[in-house]
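Let's start with one chain on its own, the form predicted on its own, as structure tokens.
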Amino acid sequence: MRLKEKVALVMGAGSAGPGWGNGKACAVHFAREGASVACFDLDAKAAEETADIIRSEGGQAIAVTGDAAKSADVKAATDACVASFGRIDLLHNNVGIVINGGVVELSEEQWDRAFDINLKSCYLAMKHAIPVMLEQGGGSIVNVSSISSLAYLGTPYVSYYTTKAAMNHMTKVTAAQYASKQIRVNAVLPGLMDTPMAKLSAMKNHGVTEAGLDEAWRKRVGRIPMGWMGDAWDVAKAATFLASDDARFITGVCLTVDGGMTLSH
């Protein structure tokens, strides 16, 4: 119960497909650690599904629908969280998309869309949640970045790499600005994870068929020094640690959760 009596706002609390995506797992894990959770997602059904799981386990949760790249929707989400639970102790930013293409292939529209969804969403969530945290005397923010922010991983996802690298720096400078106000800001950098979004990306961006997923996943595992792939619960456990008072003296950290993959990059 490391988050007992805490309130969490999880941006991107749904899942991209059947199973456990990072946001969904984080929201449920926060609740299992004692937090009341506002589950925000663009997909109303996905947000409600996560909230239902939390409530079915005896926790407290609400579902909020909106576009994380629109300031009014994000403000409405923070207002709904405060209206339901009275405060925001933890903001968790887990909104993101992957678009295939380097600087030549990628259209301007796709570039702008990636920045709106991956980076602007994080900026807006912090913009609206931090004033609430300032009023209550502190809080914790955990942003979900990626190891692709640190190195080229072999696929030209230039907009994804760039937005996640920018997120890392936004995490650090915001942590520095608000450390004296007892607002901690950290990031989790997942590696090659076994999640619904990863599978959808493999099929959409790499032409992997559903029948070929097992072989693609074997190759994926072959790139990880530990020899196996993490999942959304590994991200959730790392995020819970950073959000909790166990990490009370930690801020501005970009924590890799990658089975050692970035050690060779």
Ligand SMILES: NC(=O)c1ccc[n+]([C@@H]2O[C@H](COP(=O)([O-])OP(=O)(O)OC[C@H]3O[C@@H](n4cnc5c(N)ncnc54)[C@H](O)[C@@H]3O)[C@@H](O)[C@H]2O)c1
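All residue numbers are counted from 1 along the displayed sequence. Since the model is a prediction, treat every value here as computed from it, not as a measurement.
Below, we refer to the form predicted together with this ligand, which is not included among the displayed structures.
Contact with this ligand in the model of the complex, judged as any non-hydrogen atom within 4.5 angstroms, is confined among 145-153, 132-140, 81-89, 174-182 to 145-153.
For the chain shown alone, residue 193 is a contact residue for this ligand in the model of the complex, at least one non-hydrogen atom being within 4.5 angstroms.
Using a 4.5 Å cutoff between non-hydrogen atoms, residue 117 counts as a contact of this ligand in the model of the complex. In the model of the complex, at least one heavy atom of residue 197 sits within 4.5 Å of this ligand. When this ligand is considered in the model of the complex, residue 43 lines it closely, a heavy atom lying within 4.5 Å. Taking a 4.5 Å heavy atom cutoff to this ligand in the model of the complex, the one contacting residue in 218-234 is 220.
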